[in-house]
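This document opens with one chain alone, in structure tokens, the form predicted on its own.
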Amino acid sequence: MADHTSATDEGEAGGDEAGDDGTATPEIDLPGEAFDAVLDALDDLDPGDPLRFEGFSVARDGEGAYALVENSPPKPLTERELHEALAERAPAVTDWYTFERVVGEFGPRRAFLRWIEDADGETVAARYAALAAGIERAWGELKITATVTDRGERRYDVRHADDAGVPVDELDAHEDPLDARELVTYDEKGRYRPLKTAPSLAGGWVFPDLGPRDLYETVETIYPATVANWHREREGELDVTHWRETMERQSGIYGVVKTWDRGEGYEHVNWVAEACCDDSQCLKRREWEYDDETDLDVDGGDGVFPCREPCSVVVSAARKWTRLESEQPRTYEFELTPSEKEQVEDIIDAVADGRTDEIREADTKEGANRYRARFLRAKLFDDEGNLGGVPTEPDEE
């Protein structure tokens, strides 16, 4: 027997009233395919079993007669009368058709599409009124706008949040979700983006008219696995792999990171998380810690989708830091004025925060100003590039 769980069973209730803000529910025509889907669903049910919609249900007896139940005894109906009755209730029927037939099986895609329009918290009437005006949701750097057609079909506009309000004809329009693979490869300066959830997504494009399935594919192409992990977390099924477990399974050239955990605490992992997992560096919300029993001291961020384990960027960086941190500290002596010391600090901060391009050439008040940095280099570096003329003297192999 086919699954006949209705939208009502997933948390909706209500009728055909206007939305909460007084906006009227739009006029919806009942598409033939939606009515045919109702008949097919009834065929899959045992006689008398109801097919539930918001506010009413429909059933068919063993002799093929239909009945509609709506706060009153069942009304026997012919197929034509059933069509007329459902046409009068087209918003509820098309809502059922969208999620039961167009979207389909329960899982990340269905949960995500329902979340966009708050289908588990609002009535059909309220949602259709809101969809008529456009429901906007943020997902990372994406702005998703959901609307409904006069046939109850969902359509979605996906673009960079910075392009909100820009007319479609002023953006590079796309239809195929796979086009997103090219859009996410480089940032706005043409630099390769190794981390797809970094807040460096370039704008200037739009997917202006996607259906439900294509919307899901587009979002998952731009931010891989984010919807799936978001859904797992909502269902209480997110499997988190913490730092120690992740590092212990590294092998080959990455096996060296195992040597960084020497039973000397986990301050080094705090440094890694602060460097790589801050909201300014990644849009995911870090859920992994040092191990099952030891939380890191660094905040995990505020992203809507979770990070369930140290990613390849973190592991690769940790490999380099493992080697660097194995060096023994040395004492170097340099003479710096107080302002020069502050300037070195300003330069490190600007590079770490990715602000160097924001510092204007004429703004010499900024310590990381290019001319001030060049002046400091000219003053303090010798011909071999040694700060203060002091050689580094690397450790002997």
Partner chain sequence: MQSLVIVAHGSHLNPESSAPTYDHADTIRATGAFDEVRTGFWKEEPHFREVLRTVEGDEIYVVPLFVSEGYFTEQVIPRELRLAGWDVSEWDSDGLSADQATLIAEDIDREVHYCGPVGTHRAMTDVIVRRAESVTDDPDVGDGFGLAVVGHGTERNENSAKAIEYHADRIAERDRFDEVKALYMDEEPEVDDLPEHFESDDVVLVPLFIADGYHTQEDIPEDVGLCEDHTEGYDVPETVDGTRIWYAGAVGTEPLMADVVLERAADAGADLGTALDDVRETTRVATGD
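This one's a predicted model, so the numbers in the text were calculated from it and none came from an experiment. Residue numbers count along the first chain shown, from 1.
Keep in mind that the form predicted together with the partner chain is missing from the display, and what follows is about it.
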Handout entry: Non-hydrogen atom within 4.5 Å of the partner chain in the predicted complex for each of 196, 217 and 252
Key = yes
Completion exercise
Partner contact check in the predicted complex: of 140 to 148, 221 to 229, 201 to 209, 122 to 130, the stretch with a heavy atom within 4.5 Å of the partner chain is 221 to 229
Problem - Of 154, 89, 159, 308, the one that lies within 4.5 Å of the partner chain in the predicted complex (heavy atoms) - result: 308
Handout entry: Candidate from 271, 115, 321, 186 lying within 4.5 Å of the partner chain in the predicted complex - any heavy atom
Key = 186
Exercise for the section: May I ask you to state whether residue 239 is within 4.5 Å of the partner chain in the predicted complex, using heavy atom distances? Expected result: yes
Practice task
Answer yes if any heavy atom of residue 80 is within 4.5 Å of a heavy atom of the partner chain in the predicted complex; otherwise answer no.
Solution key: no
Handout entry: Contact of residue 294 with the partner chain in the predicted complex (heavy atom, 4.5 Å)
Key = no
Exercise for the section: Report yes if any heavy atom of residue 326 sits within 4.5 Å of a heavy atom of the partner chain in the predicted complex; otherwise report no. Expected result: no
Exercise for the section: Just give me the residues of 170 to 193, first to last, that have a heavy atom within 4.5 Å of the partner chain in the predicted complex. Expected result: 178, 181, 185, 186, 192
